[in-house]
Ligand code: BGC
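Given as structure tokens, the chain that follows is alone and in the form predicted on its own.
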Amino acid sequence: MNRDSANMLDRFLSHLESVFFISLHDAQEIISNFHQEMRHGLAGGESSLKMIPSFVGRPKGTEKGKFLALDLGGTNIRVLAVELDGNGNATLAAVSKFVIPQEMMSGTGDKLFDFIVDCIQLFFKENNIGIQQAYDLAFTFSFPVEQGSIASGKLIGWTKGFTAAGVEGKDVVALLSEALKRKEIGFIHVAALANDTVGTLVAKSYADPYCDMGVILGTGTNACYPEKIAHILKCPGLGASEEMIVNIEWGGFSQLKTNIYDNVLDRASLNVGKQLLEKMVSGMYLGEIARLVIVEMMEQGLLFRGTSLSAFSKGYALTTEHLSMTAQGSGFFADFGLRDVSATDRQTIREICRIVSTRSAKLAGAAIAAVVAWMDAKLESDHTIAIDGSLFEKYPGFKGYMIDILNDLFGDRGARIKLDLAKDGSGIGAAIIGAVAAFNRRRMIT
């Protein structure tokens, strides 16, 4: 590469760094806007944060028994059996994982829920679990739902690429129960509906009393926290408890500074103008943002010179897993038919991946800071943040960048915030929620 080309590349990367940069002022502005949206959402006003009551509180740690959980996430279904010992310990007794075919994600609701029940049946077979007894099942549904009770909730709108017809506006527990009847599985009772974020918080707080926030950082992103019931103004008469976990649905947060790549991605998405934070943070979209940058650089002759654009022309061909591979020191070049990649191009790709993923982590960190500051303005207490998802768990350096922005915002007090992996949190947490719901139901019957 000659000197002029090298200078052009340096200028482009410097500009790229600036359009993705999250300054301390940016983070402080996010916190201020986030609080305003939280306030409006809790009052039932216009807000990009839905602030949905979950009808679930934090567990006591004394819940006991064996319970089933069904976890419908972004691209997979998991069915789990969880044993609770009543002393804050939860054991994953059995688990089966199933990939959701694209035709189920975009077909009809009946076919999707029939497929889900087929997965439950396979779980029983794979794990040699008897069907002689009745089972309480908790349903983790990782999409925006307006809950009416612990075991009912209407889908507000699909996210994460799902478009199955006949589900939006319907009670997803009723749809699952109807599918169980169609498949003649009468020994399973759907005891509770839970968001995956709520499940993550409940799972970690079963053993850790300092846990007061659940976060998902994977295919999608969301968070929840325990709110004083008196502050949930849009739902008077929620009950006598002092607090209830609120599902923020923070992927929809819209008060953000976007750049040209964000805008191109948004315009080509299935939900234009919606889920802006999710599109800037979550694993579903980071690879696509990087791909858009790569295509522009190839068009300007700054990257992979002499190579056809066709390898990178397909939307979402580049995944966050590819970015993670680059961050780990390997590369994704073979997957795109690229051979003899120059050292300069390899370094440029590493820079693109670093820039895109760093912004994601700092936005996630700023959003966490907003919720912690809402609960504890002076940061006088310790806070454990339970985080589930492959982005947080597997992407090199991601957690470190989150910690950096928390320390920038809070100084030494940032050490009071502990970011803790809650692996399988949504499934285990759902089982705990199911245990509480089943206990309460039996108590009401007797």
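These numbers were taken from a predicted model, which means no experiment stands behind them. In case it trips you up, residue 1 is the first one in the sequence shown, and so on.
Quick note: we don't show the form predicted in complex with the ligand, though the next part is all about it.
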Answer range among 342-350, 358-366, 183-191, 157-165 for contact with the ligand, defined in the predicted complex as heavy atoms within 4.5 Å: 157-165
Proximity of residue 196 to the ligand in the predicted complex, heavy atoms at 4.5 Å: yes
The ligand contact in the predicted complex: residue 283, any heavy atom under 4.5 Å: no
Residue contact check: residue 326 to the ligand in the predicted complex, 4.5 Å heavy atom: no
Contact test in the predicted complex: residue 142 vs the ligand, heavy atoms, 4.5 Å: yes
Listed residue (278, 136, 227, 288) with a non-hydrogen atom within 4.5 angstroms of the ligand in the predicted complex: 278
The unique member of 246, 216, 80, 213 whose heavy atoms fall within 4.5 Å of the ligand in the predicted complex: 216
